[in-house]
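Given as structure tokens, the chain that follows is alone and in the form predicted on its own.
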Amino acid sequence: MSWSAKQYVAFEDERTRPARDLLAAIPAGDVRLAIDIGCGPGNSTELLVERFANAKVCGLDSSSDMIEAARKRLPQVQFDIADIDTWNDSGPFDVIFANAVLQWVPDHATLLPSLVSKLAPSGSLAIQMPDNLNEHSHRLMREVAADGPWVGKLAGTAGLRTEMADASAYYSILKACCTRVDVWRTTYHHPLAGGASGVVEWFKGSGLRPFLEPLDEAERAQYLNQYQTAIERAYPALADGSVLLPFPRLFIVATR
């Protein structure tokens, strides 16, 4: 699956806010080496550079388009193309930062202890994942995918995102290998101009991409038209024409 840095940063302020909140929860300490896994276009990496001014900060992402954008944004930082589930750098890292990426990586019960093993003593694994698969926005993606000429092309698309466990399950997984685990859930309410079209534009940079990529141009236009019509019913516009998009996210900070 490919990613577009340009589309992703169309809502950069809103997408970066959870990264700021996650970063603020990392315990203070001596950070010499930090990495942003799934760094995207470098907006979250930039926060690490600012917070840990004396540390070596690096980043990785599976998307060449995202890495190209990150390198332009932060030419002093080393960025590499790599898949998180096969990433083999043993560190040890003082901070591993995973903002809005692990929902695309399978087998969290194996993955999270593996990431902790790359931490230095007292190092922190900081995770933020969208927890919105059961929100109208994502339920409607699946419903539209199952009702149109693209059914065959999109048959396995809904399963590309990892089904998240609940907070207690993540706590148990990480408490077995960490001294401290902090888990919380926050729902952001983003005001988006343009009503339903604003919601569609938001998700064209993230959740909609797996549904749109297999389609040809005509199918893509038809899919988006049906999706936007459904979104209009699910998220009625406010008096000023905007939509308040609820966006729940799960946060975890685990200290080795």
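Just count from 1 along the sequence shown to find any residue number. These numbers come from a predicted model, not from an experiment.
What comes next is about the form predicted together with a small molecule, which does not appear here.
- This chain is drawn without the small molecule; in the model of the complex, the residue among 160, 177, 167, 82 with a heavy atom within 4.5 Å of it is 82.
- Though the small molecule is absent from this view, in the model of the complex it lies within 4.5 Å of a heavy atom of just one residue from 105, 154, 116, 140, which is 105.
- Residue heavy atoms within 4.5 Å of the small molecule in the model of the complex occur in exactly one stretch of 145-153, 118-126, 179-187, 83-91, and that stretch is 83-91.
- Heavy atoms of residue 59 never reach within 4.5 Å of the small molecule in the model of the complex, leaving it off the interface.
- Proximity of residue 34 to the small molecule in the model of the complex: non-hydrogen atoms within 4.5 Å are absent; the residue sits far from the partner.
- Interface membership of residue 198, defined by any non-hydrogen atom within 4.5 Å of the small molecule in the model of the complex, is ruled out.
- The small molecule in the model of the complex comes within 4.5 Å of a heavy atom belonging to residue 38.
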